[in-house]
Every structure is written in C-alpha cells, then in structure tokens.
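Structure 1 and structure 2 below are the same protein chain in two forms, each given by itself as structure tokens.
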Structure 1
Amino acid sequence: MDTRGRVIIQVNDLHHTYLSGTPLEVKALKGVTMEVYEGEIVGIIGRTGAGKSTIVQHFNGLIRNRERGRVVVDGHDMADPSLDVRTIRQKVGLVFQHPEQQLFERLVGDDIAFGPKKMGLPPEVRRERVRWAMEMVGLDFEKFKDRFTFSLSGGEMRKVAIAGVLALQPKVLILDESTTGIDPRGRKELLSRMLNLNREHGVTLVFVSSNMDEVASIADRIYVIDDGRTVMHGTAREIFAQPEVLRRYGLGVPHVTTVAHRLAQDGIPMPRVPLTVAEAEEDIWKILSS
C-alpha cells in the first residue's frame, strides 16, 4: 500500500452474458468497475455465483467483452479484435479455480513447461523457468518433474497449476480461490510464498477468495462483488470495518475483526480494525498497558 504505481488493469462498467441468445442465457456481470495498480495486491470477494471468476477471465482475454463496458489491460483495450491476446496472456497469468482443469499434460514437468514452450524459449531456458516456478510454489524439482499429473493430490495439483502459470513469468498473477482444498499449514505457506512473489519479484496479485481471514492478511485493497456488480471497494481495513454491510452481501469478516467488533460493543474500542492476529495482539497489549 506504499506508493501507487500506474494502473495495469482497468475495468469500467463491464457487462457479460453467458450463452446469450440461447435458452441457457445467464447474465453474469451487470456493471463491474475496478482497477488494479502495478505492484499491489487486490482482493476480490463475493458470494458464490457473484461473478468473480467471470471477471478475472476478462483480465487475460479468455472472455472478450462484446457488450457494454471496457477492459483495458496494460494499455490495451481488450475488445480490440486486432489485439494479439497471447501477449496479454503472457503478462497476465490466470490460475483457474479448479486446478485439475488446468493440467492437461501427462507429466508435471511437461505441464509446467507448456507455457515457456509456446513462447518459443530454448530448452535450457525452459528448464530453468520450470525449476524456478516449482521452487516458487515449493515443489521439489527432481521429485516432482516426472510424476504423472493425474496421480497428484488436490493440493499438489494446485501448486503445479500455479507453477505452470508462473513459468510464463507474468507481471500480474491472478489466483482464483487457489488455497481451497489445502491444509491450514499449506495455505499459510502458499500465502507467504505469494506474498514473497509480490514483495521480492514485484508481481501484481489479484486474489479471489471466500476466506476472509486470508484476504484480510494479504490484500491491500478489496473489491466486493455481488450479483455481477461492484458493491464496495476500499482498503482491507475500510471494508472489514463494515460487518453489517458485508453481511448483506452474504459475507463475513475475519475472526480477529469479529473479536474487535465484539470488544467495541462491550465498550472497549480498538484503535484500528485489526486484520491479522498479530495486529490484534499488538493493539490489545496497548489497551491493557495504558
């Protein structure tokens, strides 16, 4: 949240209808407005079916908007038919909500190398990329590169899926519910690895999640989506200071924040809305010692 860079993704009043003109038509987006600045971590939250996955698929051109609204990624209008979306997809890496849907090669190593190969990199560079990507997500290169993708556990599949996208070395990494299905410690580890990716390698993160504790601990700014529209946005602290509004959109607040709200009800206001256990601990010490 330090100095804001330039806008890398800009979405204006975006609309999208799946299977338009057929009996199966679904109006998924009805006016989404948001922006992502270079180098920040943006959280997107919203109840099931709100349209989060639909939004992020616009960011790398898997869905091109033909209806109302505008999506500009790294200076390119995504609706422009002459735009070569492959260059965008290399800059904006998307990790799908269901990782098993993202793996299609037989061996883990081949799968992660798919992107670099399509980019036309020479074999040695590809190998280095794969090694780096696997290290970034915490997979042992030697141990995993020759494993069959379909024999992996759900959590390992997620890591391989993320590595496969990281191997493109994107500027923006979009994680769509990428920590569900991993044990608590694995989640924490993955989160800190992603945080490291952001801080050390300057990768912009877009983090879609339904786990409020996670979003609170990692996101600089948050957008709340409901029924295909942007309904709230602000810093994590601003958003989680309004539990009643969030509840209206079917969402909760992080556990530590609940504690703070309860303390405030009992006449012990906290100096700020805590987002992590560490923050809450610090503030409570301050209150106790004063």
Structure 2
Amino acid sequence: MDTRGRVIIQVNDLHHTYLSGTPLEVKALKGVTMEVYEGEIVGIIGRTGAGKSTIVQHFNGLIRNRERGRVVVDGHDMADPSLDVRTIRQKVGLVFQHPEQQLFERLVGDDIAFGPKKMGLPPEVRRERVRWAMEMVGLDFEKFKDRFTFSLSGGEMRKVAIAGVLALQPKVLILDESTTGIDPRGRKELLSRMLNLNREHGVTLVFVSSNMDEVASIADRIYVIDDGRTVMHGTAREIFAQPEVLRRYGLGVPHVTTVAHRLAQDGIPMPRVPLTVAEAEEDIWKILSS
C-alpha cells in the first residue's frame, strides 16, 4: 500500500536552454521527469553540469519553463503567465550552494526577518518566526539575533541563510549542495536538524548533493540526472544497489555500500544493501551470529 502523500511538485519532460538562439546556447535540460510527494525527502544526484540546479530553480520560479515540458507546484502551473511567483516562493524555499552569499542585512535577526517583513507580518509574528527558524537550525535566539552577520563563521552563516528561508515557513525546502564546505561535524548536525524538520514539522525536503553518504542517510527516494535527463529513479537502496550503472554516470555509492558490494564479490553477501554504518553493523552481526 502506497502511504505517500499527494504530489506537491510534478515535472514532466522538462527542457531548458540557456542563451537560446545565441552562439553561447547551452541545452541544460533535455527531458527531466520527476515527482515529489508531500512530506518525503527526495535526493537529486548527478555529476557536475548534469542540470541539477537548473531543475530545482524551476521549483520556485527562479526559472520559468518556456520550452517543452511542464512544471506544476502545489497545483500551480509554473508556465502560467498570470501566476504570482511570490506566492510560490513562500511555499518553496531554496537554499543555494553558497547560501552565505544570500545574506545582506547587518544583523542576524534582521536578515532572518527580511522575508516575513516583506510578507507584511506584524513585528510580534516576525519575532516568533525568527525565533522558531533559528531554533530549527541550532542558533540560540538571544545569543545570535543581534550579532553582526559578517562576523559569523562560515558554518554559522550557512545556518542563518537557511533560517532566513525557514522563517517563511515553506512547505518545501530545497537544499542545493548546501552542506558543501561545512566540516563533517557541522554537516552531521545540519542533516540531523533537517531530518527533524521533515519528521516533526512535515516539511518536504529536496536534497541536491554530490555526497553519496549524505544522500543515502537522508533520502527516501533518489533521482539520477545525467546530461539533462532523468536516467534513474527509485528508493535509496534500489539506486545504490546498482554501482556499475551509477559508475557509467560518473557517480559512486556510499563508502559502507562499497564495502558490502566487495564482500558480496568475495562470497559473503549481506542481507540487504547497507546505506549507513549502523545498518552495516547490524547486518554483520547477523552474519556472524549465524
């Protein structure tokens, strides 16, 4: 029985060309199809230049589809010229690869409050939105709200940028390589908080990453993009059970999954394709016990 929620983002045969009709024309998307269900975590993987960022920028109207294909977000056709994309951007938040570049206010609290202020929310509501968003990313409200934005560390800036998107309380949060450049401990904490946001608050997550271990640990389903096309999709376990296919698309598998495949080649198959160290430990104990 399928327990997934309704489709909140639907992409059918999407094509996109940058600088169309010029000598610098680049066909970035050549037929992408995918669905994102309400409340799930979807991973999007592919080698550099595959078109991943171009896809997710269609989800909140940064790019409007004018060519072949269709994008529907929360029931709205993104190609509809009468559509007010501001309403979509309140529902679908996008955090870029270097989100600290999104910061511009002098004080942390003001930066996070910018979106709610533009929505016309009263000061007391804005303050609670900021407090909640900072709590979600692990920033103490009283300690950080009056800090100078550009006095923060890189990891703290990353959290402020994400909090600024969360303050809009979007239904969907897109993280486009947003853990890149953060130290391992910081990445682990951020992923844990994003999982909590999904599980406790029902926020749908779209996670674009080149880190296979991270994708495996967080994603319910995965889409593989290559040369502007959808070439694979399935659960994380289904995708990472096919290392040879992924290798053809310039991708690897999580480190622990690599070990499991090598054990299977040596005649020691594991009961499943492990995606995390915890799963591998559990399965190895089962093998040893038997």
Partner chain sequence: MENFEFLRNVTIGQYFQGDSIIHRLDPRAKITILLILVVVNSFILSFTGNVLLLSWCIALVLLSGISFRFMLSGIKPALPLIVIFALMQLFFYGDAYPPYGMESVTYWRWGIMSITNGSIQLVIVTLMRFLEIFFLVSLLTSTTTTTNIAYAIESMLEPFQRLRVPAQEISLIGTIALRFVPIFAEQMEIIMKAQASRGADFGEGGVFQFVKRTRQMVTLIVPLFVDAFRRAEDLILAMDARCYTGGRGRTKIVRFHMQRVDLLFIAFTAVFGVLIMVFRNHFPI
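The term rigid core refers to the most C-alpha atoms you can superpose between the two forms while keeping them within 1.5 Å. Residues are numbered by position in structure 1's sequence, first residue being 1. None of the values given here were measured: they were computed from a predicted structure.
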Which number goes with the form predicted together with the partner chain? 1
Determine, after fitting the two forms on their core, whether His201 shows a C-alpha shift of 2 Å or more between structure 1 and structure 2. no
For Leu107, is the CA shift between structure 1 and structure 2 at least 2 Å following rigid-core superposition? yes
